[in-house]
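What follows is a single chain, given as structure tokens, in the form predicted on its own.
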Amino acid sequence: MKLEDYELGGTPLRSSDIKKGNVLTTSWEPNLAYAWDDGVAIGRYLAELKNGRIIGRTCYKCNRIMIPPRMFCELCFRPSDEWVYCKDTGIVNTFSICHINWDASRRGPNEPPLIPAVIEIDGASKGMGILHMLSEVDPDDIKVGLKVKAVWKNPGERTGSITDILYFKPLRAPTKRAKATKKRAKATRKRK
């Protein structure tokens, strides 16, 4: 049998039937409130961010400190062991220089680029960290391995979210020698 051989039944509707009230209709506003259960590990992580601290979980079997924390180790599939506080410093693992806003619109010619980066947090295991923004740094000065520190919102403004950290900034400003080297490199690129 072919699809066109099936009789689907039902009653065809015309817009005039609906307008005349010959068809029962209902109208309602759905309640589309969204809720997210953050669980024990992320709940504690967010609470600690509100207090200006970064916390992780240890796995004794794998000898790892995991950030963001989880209640089980995804490598050995056993419950993680205990909470541990980490520093609010780290190194840039990878980064991107974006001339596009989050809504996919172009940034203005006088707007600095956005610089999202994966930050490996000091005190956590290698490769463990968070995706966040870099600021207070010239894009030409960023490199993998750059030491950075969290810049926090004022305590009264924190809400218990990752945005309680405003951004990460370099621990040290570039030296005069580094600035001079960068200036020479830019001049060389312009001549090419």
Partner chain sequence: MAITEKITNTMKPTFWEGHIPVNYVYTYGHAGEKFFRAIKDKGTFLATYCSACDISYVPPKIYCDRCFTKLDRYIDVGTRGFIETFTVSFMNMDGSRKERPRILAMIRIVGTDGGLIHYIEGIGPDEIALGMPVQAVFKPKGKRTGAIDDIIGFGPVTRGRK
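Residue numbers count along the first chain shown, from 1. Note that the structure is predicted; figures quoted are calculated from it, not measured. In this text, rigid core is short for the largest set of C-alphas that superpose within 1.5 Å between two forms.
In what follows, reference is made to the form predicted together with its partner chain, a form of this protein that is not presented.
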Selected contact from Glu157, Asp38, Glu136, Asp141, since only one has a non-hydrogen atom within 4.5 angstroms of its partner chain in the model of the complex: Asp38
Proximity of Phe77 to its partner chain in the model of the complex, heavy atoms at 4.5 Å: no
Asn51, heavy atom within 4.5 angstroms of its partner chain in the model of the complex: no
4.5 Å heavy atom contact, Ser27 to its partner chain in the model of the complex: yes
Any non-hydrogen atom of Trp83 within 4.5 angstroms of its partner chain in the model of the complex: yes
Contact set, 112-150 vs its partner chain in the model of the complex - heavy atom within 4.5 angstroms: none
Rigid core superposition, Gly145 Cα moves 2 angstroms or more between the shown form and the other one: no
Core-aligned CA displacement of Asn31 at least 2 Å between the shown form and the other one: yes
